[in-house]
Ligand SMILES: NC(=O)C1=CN([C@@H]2O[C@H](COP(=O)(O)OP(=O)(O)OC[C@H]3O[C@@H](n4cnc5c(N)ncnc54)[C@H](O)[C@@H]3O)[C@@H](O)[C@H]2O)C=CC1
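The form predicted alone is given below as one chain in structure tokens.
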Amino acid sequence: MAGPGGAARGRFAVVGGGIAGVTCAEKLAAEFPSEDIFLVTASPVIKAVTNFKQVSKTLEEFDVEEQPSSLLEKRYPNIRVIQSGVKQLKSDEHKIYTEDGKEYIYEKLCLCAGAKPKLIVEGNPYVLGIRDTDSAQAFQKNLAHAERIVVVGNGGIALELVYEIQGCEVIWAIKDKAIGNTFFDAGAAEFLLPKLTAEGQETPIECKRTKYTVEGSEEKGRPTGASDKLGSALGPDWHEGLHLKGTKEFSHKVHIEILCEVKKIHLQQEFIQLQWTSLTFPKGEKNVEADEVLWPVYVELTNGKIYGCNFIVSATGVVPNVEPFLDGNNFAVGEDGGLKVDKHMHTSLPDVFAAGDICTAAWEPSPVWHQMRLWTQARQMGWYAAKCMAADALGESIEMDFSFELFAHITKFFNYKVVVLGRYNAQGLGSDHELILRCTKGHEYVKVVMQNGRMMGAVLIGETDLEETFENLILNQMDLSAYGEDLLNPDIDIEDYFD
């Protein structure tokens, strides 16, 4: 319904068509069937959770599907999707101004505008940021003619990308000692590495996760210049269905440069003027040959090495997308650039909540939970934020959601099932902890993080069937000192003890 000056009025408004925003809007729509819920999103497609499965108390699995927003409006007739970016938020007037010149007045607002890729340099045509379906498509087009690329970054996307690419030389620059540092320690990396260098891949196991479709029909309806708009985040298996093959006919050719970052990027012209030499793809340890080939772009690393390549993939994480909301509003912002939220997903401004990648959890967390910008947390936060907004609107109190008791994430790397629980990398535990490991090459890798006889975290790679048991042991903080190394003894059926 229209308010003064033609502004539309709604009890609840949500900004962002990703997992957090859509989950939040759906939950509000279900709780308040007679109220209009505004969902403001810049993209013609929204991200919907499908095939949701609660694997255990805290572990969940789901697929993510891009759907036209009309599908969402069909499912929830009281959701009004407003396809436009947000130009400005006037929180003191409870008003949102959209790019298309309209105004919306809300009682309660939830900001779920996600995050954008943190590029090593802005505006360089040879640097591609990967975080969403649009950029993955652009990446595929470029890869078709590439002979060598440089991948920068050490998170999940970089890891999967490097594994999937075939027929193209890959120089992988990571700032850590070991690969996949966001998810793994050096031991897990060692366990996974043979997969990276294996010639010829086994046929991948059927993937049960996201399938991305960016249909030709939708392409036509896109405004020009929309490609630089924010897409939603990628999740596991985002590379499914993309043909990640370069021009050369060999399988994996990956060279990892550790403990380094990009110092500078030189275009071909400047590089020629500098009269420097770059390196060929390393064939062995001692190889430092000068490269005769002229490349379109050159990467100078902080370890002094220079490599030429066709393009650079920047997979260096994300920054919360807070820009449109800061102007004129006094938000408390976290060190990572996100909007600070308390344990009821409330920002520092009245009636404004936030969820997903845009927010920074500023409450005192459970000792075995931490925030990570992942799809699972976006879904949980979006759902919980809606419950908090509802409670707030009805003047009720609400308990912190159980999903924030324990960090739990399930994904796939290199075709292995991967479960990470609690402080799986001993985050924040200092030197006062010990690790117990069990590893069967090519089969499974199990690591538990122990402190004072209590289990604080775990990494499970492969079909270990230990996730529920370990989840319980971390949650109930039972003293396990008596078991020592036997905790992971495969001949002892640990489930029998702790069910």
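We number the residues from 1 along the sequence you see. Source: prediction; values computed, not measured.
What comes next is about the form predicted in complex with the named molecule, which does not appear here.
K.L.:
Using the partner position in the model of the complex, report whether F183 sits within 4.5 Å of the named molecule, counting heavy atoms only.
P.N.:
Within the cut-off, so yes.
K.L.:
Is N154 close to the named molecule in the model of the complex, meaning a heavy atom pair under 4.5 Å apart or at it?
P.N.:
Close contact exists here: in the model of the complex, N154 approaches the named molecule to within 4.5 Å, heavy atoms only.
K.L.:
Answer for G308 alone: is it within 4.5 Å of the named molecule in the model of the complex, judged on heavy atom distances?
P.N.:
No.
K.L.:
Quick check on A315: any heavy atom within 4.5 Å of the named molecule in the model of the complex?
P.N.:
Yes, A315 is a contact residue.
K.L.:
Tell me, which of K95, K387, K340, H409 has a heavy atom within 4.5 angstroms of the named molecule in the model of the complex?
P.N.:
Comparing distances to the named molecule in the model of the complex, the residue within 4.5 Å is H409.
K.L.:
Which residue, K195, K263, K175, K74, is the contact with the named molecule in the model of the complex, using a 4.5 Å heavy atom cutoff?
P.N.:
Partner contact (heavy atom, 4.5 Å) among the options: K175.
K.L.:
Which one, 317-325, 272-280, 162-170, 290-298, holds residues whose non-hydrogen atoms are within 4.5 Å of the named molecule in the model of the complex?
P.N.:
In short, 317-325.
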